[in-house]
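Single chain ahead, written as structure tokens, the form predicted on its own.
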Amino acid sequence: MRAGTLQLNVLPPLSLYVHMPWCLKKCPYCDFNSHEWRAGGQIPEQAYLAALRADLDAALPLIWGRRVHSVFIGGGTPSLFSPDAIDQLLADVRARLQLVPDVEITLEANPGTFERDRFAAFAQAGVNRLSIGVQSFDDARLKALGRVHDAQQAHNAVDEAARHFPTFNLDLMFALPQQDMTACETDLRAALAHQPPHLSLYQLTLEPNTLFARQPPPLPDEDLSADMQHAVASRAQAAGLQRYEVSAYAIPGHRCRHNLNYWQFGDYLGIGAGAHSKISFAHRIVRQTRWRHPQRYMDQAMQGAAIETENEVARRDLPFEFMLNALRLREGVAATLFPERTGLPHSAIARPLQTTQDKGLLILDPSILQTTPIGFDMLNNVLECFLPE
């Protein structure tokens, strides 16, 4: 192998991400590629499905012969699309890709789009995992977050998800505007009462280019936010949910396989407006980004040009990119995964490994890459050591 080149002997597992860019209302904290669906208008379902087909067709040569282990339909609010549209989308995917027999197919849904028959129809279409963007079960907090649903709609949606899906996830946020510890714990108790097999717990952060960044709401201070983080983690684990990633908790057998593939530096093909891809080849790893605006994306995809940017990941950036994902996992990853997924030798991370181990941030075990309990709580400090010099 020439100096400076990669050598991937085995390609990593492959996932498919499909982005549905429309939502009922843009939340003031959201920095995702989402676009409000104007009241009275119709989402161009068929035109968008045609663009997704064209996008996938153009991408097939890059992933030919590879099996897909998970499909994630995200947004935006994918549950705005009709069950018939989701059924057609999955039929199009199955006609073009080889899905593993037990493929995980996740659909993001918001309680504001909840209809009893709609959730049942998504399951009938082939979705086997629902991820529900509850964020809070407190009406005052939901209003402060700009959500379109109320607490009762959230409870109803979760009950219906449990009825139709073998596994589901609840997204819950903490450190919300004017939230105190009592309100935070009440929110978590409401979530845990549904006995979710998977729970994603996120601290509200003010992301650039959002309304909250321009007009910050009154948020809990750093000390209270840290106390909330500790409280929600402890109570979720006491309820039988294992914390397997920074923000992810699950009962045994219900971890999100799609997200695990990201964190283990697997490959993913992203189609849809603004979607991102990471695709590995024998001697290089490529990242792609699709056009962000829905209409621009549809126009470009139909011309076979859905990709706006494509860049090879530089060799010097791979250690940080790998660790940025892998060290989010509480149990870490096998040390052999680094050369397997990056094509680099262990020597590429020898110096930062020694530094972080000397500081007590990574465990002293050559067979595994895993933070110590202190390192897990100081993950940014750990990752800084793997930045390119």
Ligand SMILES: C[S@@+](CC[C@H](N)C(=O)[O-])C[C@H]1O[C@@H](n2cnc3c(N)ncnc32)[C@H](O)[C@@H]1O
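Being a predicted model, the structure only gives us computed values, none of them experimental. In this text, residue numbers run from 1 along the sequence as written.
What follows is about the form predicted together with the named molecule, which we do not show.
Heavy atoms within 4.5 Å of the named molecule in the predicted complex are found in exactly one of 351-359, 56-64, 322-330, 27-35, that being 27-35.
Against the named molecule in the predicted complex, the set S70, D87 and N259 makes no contact: no member has a heavy atom within 4.5 Å.
Residue T77 is the only one of Q300, T106, T167, T77 with a heavy atom lying within 4.5 Å of the named molecule in the predicted complex. With the partner omitted here, the residue from Q288, Q135, Q179, S280 that has a non-hydrogen atom within 4.5 angstroms of the named molecule in the predicted complex is Q135.
Proximity of D221 to the named molecule in the predicted complex: non-hydrogen atoms within 4.5 Å are absent; the residue sits far from the partner.
Looking at Q229, you'd find every heavy atom of it more than 4.5 angstroms from the named molecule in the predicted complex. In the predicted complex, the named molecule lies farther than 4.5 Å from every heavy atom of S82.
Although the partner is absent from this view, T205 contacts the named molecule in the predicted complex, with a non-hydrogen atom inside 4.5 angstroms. Shown without its partner, the chain has D171, M173 in segment 153-188 as residues with a non-hydrogen atom within 4.5 angstroms of the named molecule in the predicted complex.
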